[in-house]
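One chain comes next, on its own, written as structure tokens: the form predicted on its own.
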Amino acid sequence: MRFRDTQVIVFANQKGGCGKTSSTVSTAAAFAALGYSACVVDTDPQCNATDNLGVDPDEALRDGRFTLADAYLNKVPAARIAVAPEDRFGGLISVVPGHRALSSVSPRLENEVLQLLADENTSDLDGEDLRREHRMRLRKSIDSLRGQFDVVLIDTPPNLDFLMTSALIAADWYVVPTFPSGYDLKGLEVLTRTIDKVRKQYNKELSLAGVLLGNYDRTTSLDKQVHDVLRQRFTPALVFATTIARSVRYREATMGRITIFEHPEGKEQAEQYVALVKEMINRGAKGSFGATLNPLPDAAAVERVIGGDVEEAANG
């Protein structure tokens, strides 16, 4: 580890198609390109981040290994679930694989509550205590990764259900990926209300690392207007100066089950994520986005040249 403390960062937005998975995986690859260890936790039942990193969750089950569903249902520590894709990024990236069974986690846990309440010696408050414990299971599982990785990056599903809530409870920071769209801006209001409730009830140290604008076209006035609106809504300090440009390379990388850093023509896009990670580190060191018990450490002196990092990461 290069950081003193592991940083847990969740990429959260209840809207689909706003670049959460691409941002999560690409940011993990950027951290690895700069020599930091990263672990991706995939809470989305679609398992796109898991697939993108070359892990087959069904194959894991056939081999007798765990998936993230076991963290919720059987309280398995994430450290026992994480796997490192072979021959990629020099072993600096691991993944806690998701599985489609994640879609059944919430109803199965709620069934546990109903069974508890069926006992005449329990009350509604006992049921609420159990629900609270269920929401904390991911946090406790991910705590087993602290001290093993510089960063833990959580990908989330496109809704505000149990999986998203538990991911917010587990994190130190949240990043909001968004596209330049009026619908995306409206959705941020709902997300902000949910995060306020999480902070009050479960995780008062959860802090906004920044709003990340992707699919960005610098040549259009509308995209610039959306960027300005975001800076007004969240203040300039809470909106990343780094934007992620629109590119077909991301879809090509997804189809090839690789990251943008491994795409033979993805160097320009990879450099944007390296710039994003450097901005995250520098802003965290300056404390510009609020107090936290786990500030991002000062790593202003990054030795590697971006181009060399990208080429090294692509070569594994």
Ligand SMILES: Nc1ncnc2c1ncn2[C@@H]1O[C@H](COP(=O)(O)OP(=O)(O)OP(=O)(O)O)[C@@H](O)[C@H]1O
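Sequential numbering from 1, following the sequence displayed. Predicted model, so just to flag it, every value in this text is computed and none were measured.
In what follows, reference is made to the form predicted in complex with the ligand, a form of this protein that is not presented.
Contact at 16, 19 and 245 by the ligand in the predicted bound form, all three, heavy atom at most 4.5 Å: Yes, because 16, 19 and 245 each have a heavy atom that approaches the ligand to within 4.5 Å in the predicted bound form.
Counting only non-hydrogen atoms, which stretch in 275-283, 27-35, 61-69, 40-48 is within 4.5 Å of the ligand in the predicted bound form? Result of the contact check: 40-48.
Answer with one of 127, 158, 90, 77: the residue that has a non-hydrogen atom within 4.5 Å of the ligand in the predicted bound form. Answer to the contact question: 158.
The ligand: the contacting residue among 165, 215, 141, 207 in the predicted bound form [heavy atom, 4.5 Å]: The residue in contact is 215.
Proximity of residue 179 to the ligand in the predicted bound form, heavy atoms at 4.5 Å: Close contact exists here: in the predicted bound form, residue 179 approaches the ligand to within 4.5 Å, heavy atoms only.
Within 246-262, which residues come within 4.5 Å of the ligand in the predicted bound form, counting heavy atoms only? Residues within 4.5 Å: 246, 247, 250, 251, 254.
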